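Heads up, the chain below is alone and in the form predicted alone; it's given as structure tokens.
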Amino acid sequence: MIKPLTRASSRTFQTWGRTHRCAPVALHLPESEAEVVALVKEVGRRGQTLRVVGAGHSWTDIACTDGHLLRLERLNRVLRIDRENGLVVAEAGISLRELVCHLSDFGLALPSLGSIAEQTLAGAISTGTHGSGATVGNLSSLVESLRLVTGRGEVVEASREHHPDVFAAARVGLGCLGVITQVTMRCVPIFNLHERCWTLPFDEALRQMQTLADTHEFIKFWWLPHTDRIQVFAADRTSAPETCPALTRRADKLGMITPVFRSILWLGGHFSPAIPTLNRLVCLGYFGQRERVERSDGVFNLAMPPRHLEAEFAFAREDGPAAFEQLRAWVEWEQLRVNFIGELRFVAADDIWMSPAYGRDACHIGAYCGRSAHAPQYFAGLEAIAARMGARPHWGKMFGWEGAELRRVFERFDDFCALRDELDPDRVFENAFSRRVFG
């Protein structure tokens, strides 16, 4: 029998960005892989559906369901650390922050992280979460093996040697192939990064982007619409000791900047003509030249930002600067008021079927915005640019494409669908998101 933790009448699920909500039949918090297997089998026997949710940090409805909702937060243990071979085995519900903390106790680190670490391990890899570096893959590319409970309730352990097709697909599986219960990740000796930040005129930054990406191990670019400046964040490994962070960084870590930024977003959202002036003030106060040495996760991770909206597409690396320029032109032509940064990051190619970086080095462009009347038009502009240039959506960010458009840009789309038919023939893991994406 299914024993839910709570029923939909007493609880609804809502994404972190408040973009989607749902009322599941029941919420489940299994404490073992065996409980996951039993739940999947029972849900399938009843002809019902089930979705897994991590931290709920996706802006899409990828985790929403009117069936059963499963959270893996009680499957959050580190099971084994192999320092000699640089491997960590962890349960899928552990947060990235918890995992990083455990690794640091053993003098180890993940080679790369995204801007926040609140996501669960399974959620981060299932949506292709990434950091930024031309030679650095997304988090999914760090996976060496995983355990997956399929729609039939069977447990498959997949790696490059065993069930290679499952391994190629499930590392960015979108929750459609099964429930990931355990992951083996590559890790490296703990390291410090020397981060240098400086500001360039927009056009000059575009000219230098590719060279800078080849010069620095980790790099990203921020642009505040209505300004002509781009802030460059470049970081490289160093043996130098950590330094005292700059005043803005100390304020960031103490949570002082987020309330200020939240107030600026609120003001811009209620009085859009002020946005260009507000952006220029933020640029003057935050953009500029500084440097620091800090442990890698301290450089990768930022303070949790105020709630906002995000769309993001992965362009071929060589198309990134031109796409960024077209996004600026769209904002200016349509006279949009955008009160959040636009971001450009690099991700190395991988062999994961539904990864935005499959088969080619990628340049991710993120369009971020507080809630405003201009947000839909801003995101539509980025989506149109992406369509013209053959870019691929980030699965955890907002996009409107459906099966035909996605099949055009993901070469292994049909292979993924065929494997899904094999692993989940009764569509136990189906929801509105999967129907929209796969039909």
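If you're wondering where the values come from, they're calculated on a predicted model, not measured in any experiment. Counting begins at 1, following the sequence as shown.
Here the subject shifts to the form predicted in complex with a small molecule, a form of this protein not shown in this document.
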Subject >> Heavy atom distance at most 4.5 Å to the small molecule in the predicted bound form, all of Ala55, Ser126 and Gly175 >> reply: yes
**OP:** Heavy atom within 4.5 Å of the small molecule in the predicted bound form: which of Ile180, Ala235, Ala357, Cys369 fits that? Just give me the one.
**Re:** Ile180
Original post:
What is the one choice in Gly396, Gly381, Gly44, Pro30 with a heavy atom within 4.5 Å of the small molecule in the predicted bound form?
Top reply: Gly396
Original post:
Within a 4.5 Å heavy atom cut-off, is Ala122 in contact with the small molecule in the predicted bound form?
Top reply: yes
Original post:
Heavy atoms within 4.5 Å of the small molecule in the predicted bound form: does Arg392 have any?
Top reply: no
Original post:
Within a 4.5 Å heavy atom cut-off, is Ile116 in contact with the small molecule in the predicted bound form?
Top reply: yes
Subject >> Partner contact for Ala274 in the predicted bound form: the small molecule, 4.5 angstroms, heavy atom >> reply: no
Subject >> Among 304 to 312, 259 to 267, 190 to 198, 290 to 298, the region lying within 4.5 Å of the small molecule in the predicted bound form by heavy atom distance >> reply: 304 to 312
